[in-house]
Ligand code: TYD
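Have a look below at one chain only, the form predicted on its own, in structure tokens format.
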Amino acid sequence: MARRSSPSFICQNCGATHGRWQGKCEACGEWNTIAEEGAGLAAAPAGPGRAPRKGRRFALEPLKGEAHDAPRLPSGIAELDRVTGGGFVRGSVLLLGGDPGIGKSTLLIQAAAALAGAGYRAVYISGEEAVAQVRLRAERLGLADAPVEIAAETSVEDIVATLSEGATPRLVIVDSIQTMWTDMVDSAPGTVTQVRGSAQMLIRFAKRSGAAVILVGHVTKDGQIAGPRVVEHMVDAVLSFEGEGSHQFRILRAAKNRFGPTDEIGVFEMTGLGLREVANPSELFLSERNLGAPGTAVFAGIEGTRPLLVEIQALVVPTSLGTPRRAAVGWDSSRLATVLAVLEAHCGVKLGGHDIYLNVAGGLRIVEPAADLAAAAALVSSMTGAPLPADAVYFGEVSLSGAVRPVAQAAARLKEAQKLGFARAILPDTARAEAANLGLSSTAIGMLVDLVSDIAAGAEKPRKMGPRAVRQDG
């Protein structure tokens, strides 16, 4: 007979279980995240005179066999298919996270409408909005006539029972997993135990029926998907929808994908009629450039298999504070600190008395080390007041010794720059041959001090840098 166990204290951030309440979670270090939850019904342990449960036999198969690619269902949205690896895999479960109002529901209702329009059964389950509110969004997006089945429900048992009737849906969207609850767990909806139990039931339904299930997840103030990390390990793919509220661009990334790459991105533009795919994001990110302004450099980057050109903006101003301010938006602040240290140690650029601000235009987030050279060029340009050439792109990794290291896929970066009308490239010495093959004028940089000297020499009036601020080694 089952017995009811005593309540436990579970961290709502990491899912760690504690024997009593305490202010700080020892597992993740967060404060005020431990909440009391009822453990629910637990099976009584086997004791003397109680026979253990007999296991069920299952078939074992040899390692050698015929392998097949997982069948995919294109979503009808090319940028979404690029991130997922070609479409939705049958029986897969995806977890989509993003800030409130970023456009998660809009993207998913568009994907459901595209699949339903192609003749597949698509179901949209909303746990946060009423059916009338979902219909209102569909009307605003011009998708009211799409044969998408919708419902407002939060009981996982009822959802699974309803979806199991009739034809198996090819796509099921659950918005959001934090609002779902199951009778198998004795705790409030949104708690770690309920999120984990509800996700497990929906995953079992997906594997058994072959339907592709998308779970929408809330995010914390740090941008991480809320709930226990074990949910991210349970699903097949974790997608992150990013963007700044002040920009119309939205970036879809894959943090985990069992059926495709994790370095691809999808670029969307938020319009009055929903999200629009951006086929050429480089042209869009560079459409509002301020040509001739100091402190701006165009970086030729790679996101997955796609070359991408973005503008890096820097502002260097004298400070009256004891500790200068360092702010980076769209770039790793540790990487910025490294470039600043190399500029001061090996190039003689004295930045200790200046506030420094770095921004990646368009709301894009760059994690590639190849942006070091473009960031350094923008910083020195802002420092000296010398504008960089408007028809030049920059890429290269800066080492701690001040050397400019080569980066991968230089030819793809240069081809994208040439397609958009750029005629010059400032790049590592090893990529000079690729630029010559494409007919681009190139400046090979072996040491970062060479780039600093070239920019300082082009300054008409060195406003910020003194005569000894730049030194040429050797």
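Note that the structure is predicted; figures quoted are calculated from it, not measured. Throughout, we count residues from 1 along the sequence that is shown.
Here the subject shifts to the form predicted in complex with the ligand, a form of this protein not shown in this document.
Check: Applying a 4.5 Å heavy atom distance criterion, does Ala337 contact the ligand in the predicted bound form?
Finding: The answer is no: Ala337 has no heavy atom within 4.5 Å of the ligand.
Margin query: Is Arg140 near the ligand? Define near as a heavy atom within 4.5 Å, in the predicted bound form.
Written below: Within the cut-off, so yes.
Item checked: Any non-hydrogen atom of Leu273 within 4.5 angstroms of the ligand in the predicted bound form -> Answer yes; at least one heavy atom of Leu273 falls within 4.5 Å of the ligand in the predicted bound form.
Notebook entry, point to check: Might His218 be said to contact the ligand in the predicted bound form, defining contact as any heavy atom within 4.5 Å?
Noted result: Yes - in the predicted bound form, heavy atoms of His218 and the ligand come within 4.5 Å of each other.
Note to self: If the cut-off is 4.5 angstroms on heavy atoms, which of these, Gly304, Gly330, Gly348, Gly103, is the one near the ligand in the predicted bound form?
What the structure shows: So the residue touching the ligand in the predicted bound form, by this definition, is Gly103.
Checklist line | in the predicted bound form, the one of Asp99, Glu277, Asp81, Glu264 near the ligand [non-hydrogen atom within 4.5 angstroms] | finding: By the 4.5 Å heavy-atom cutoff, the listed residue in contact is Asp99.
Checklist line | the ligand in the predicted bound form: contacting segment from 186 to 194, 201 to 209, 264 to 272, 162 to 170, heavy atom within 4.5 Å | finding: Looking at the other structure, the answer is 264 to 272.
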